[in-house]
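Quick heads-up: it's one chain on its own, the form predicted on its own, in C-alpha cells.
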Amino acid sequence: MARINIGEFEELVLLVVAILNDNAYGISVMEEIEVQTNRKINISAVHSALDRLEGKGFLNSHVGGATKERGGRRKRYFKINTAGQEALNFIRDQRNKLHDQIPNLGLEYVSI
C-alpha cells in the first residue's frame, strides 16, 4: 500500500464518518467527535478535514434534499469508501505493531 498521509484530526474525522455511515454530514461529524472524545471541535475544522479527505480519495459525498428545518438548505453527506477503509486499517495495524513492541518499562501509574 502507498504511504497514508493523514493527520490525527483527519483520522478522527474519517473514523467518525465510518461510524455514522449514512448519516455523516458536517454537524453530525462534529457532534459525534465531541461525544466520543469530550473535545470541543470547530465546525470549520470539520468541513476542512472532510474536504481534504475527499480530495485525498478517502471519502465520497453527495448533496441531500432540502428540508424546511434547515431553511431549505441541503446537507452534504459523506461516506467512507474502500480507500478510506484501507487507510484506517493500515493506520490501526501500524499503531498496533508499534504498541506491541513497547517493552515493559517497569513504570507505575501514579494518579495526580
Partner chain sequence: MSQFDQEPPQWAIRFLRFYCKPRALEIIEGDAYELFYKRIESEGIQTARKKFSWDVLRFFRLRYIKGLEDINSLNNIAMLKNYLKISIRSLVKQRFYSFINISGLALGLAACLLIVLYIGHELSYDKYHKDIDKLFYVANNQSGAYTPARLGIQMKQDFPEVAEIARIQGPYAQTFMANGQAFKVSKGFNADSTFHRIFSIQFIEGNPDEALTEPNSIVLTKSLSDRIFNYESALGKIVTVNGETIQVTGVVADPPKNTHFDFDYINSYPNESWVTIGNWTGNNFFTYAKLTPGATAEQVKARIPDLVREHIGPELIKYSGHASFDDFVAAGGKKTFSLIPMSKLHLHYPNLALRSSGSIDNVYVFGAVALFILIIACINFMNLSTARSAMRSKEIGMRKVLGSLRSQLINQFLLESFLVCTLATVLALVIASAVLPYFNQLANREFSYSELFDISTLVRLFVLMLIVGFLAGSYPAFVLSAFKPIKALKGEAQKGSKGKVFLRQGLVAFQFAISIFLLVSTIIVYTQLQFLGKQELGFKPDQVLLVKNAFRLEDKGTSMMNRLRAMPSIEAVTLSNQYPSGSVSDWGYQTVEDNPRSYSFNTFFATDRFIETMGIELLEGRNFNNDMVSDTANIIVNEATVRWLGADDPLGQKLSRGDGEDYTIIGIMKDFNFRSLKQDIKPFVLRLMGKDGRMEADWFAGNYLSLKVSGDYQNTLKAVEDLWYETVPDEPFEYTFLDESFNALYQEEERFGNLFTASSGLAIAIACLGLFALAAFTLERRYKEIAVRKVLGASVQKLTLMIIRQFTWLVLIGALIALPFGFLVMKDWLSAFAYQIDLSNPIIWLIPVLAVSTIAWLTVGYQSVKTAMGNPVKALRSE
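The structure presented is a predicted model; accordingly, all values stated were derived computationally and were not measured. Positions refer to the first chain, counted from 1.
One more form of this protein should be noted, the form predicted together with its partner chain, which is absent from this view; the next part is about it.
Using the partner position in the model of the complex, report whether residue 35 sits within 4.5 Å of its partner chain, counting heavy atoms only. It does not: once its partner chain is placed as it appears in the model of the complex, residue 35 has no heavy atom within 4.5 Å of it.
If you check in the model of the complex, is residue 81 within 4.5 Å of its partner chain, heavy atoms only? No, residue 81 stays farther than 4.5 Å from its partner chain in the model of the complex.
Using 4.5 Å between non-hydrogen atoms, is residue 51 touching its partner chain in the model of the complex? It does: once its partner chain is placed as it appears in the model of the complex, residue 51 has a heavy atom within 4.5 Å of it.
Indicate whether residue 44 is a 4.5 Å heavy atom neighbour of its partner chain in the model of the complex. Contact with its partner chain, yes.
Looking in the model of the complex, is its partner chain within 4.5 angstroms of a heavy atom from every one of 25, 68 and 76? Yes, all three are in contact.
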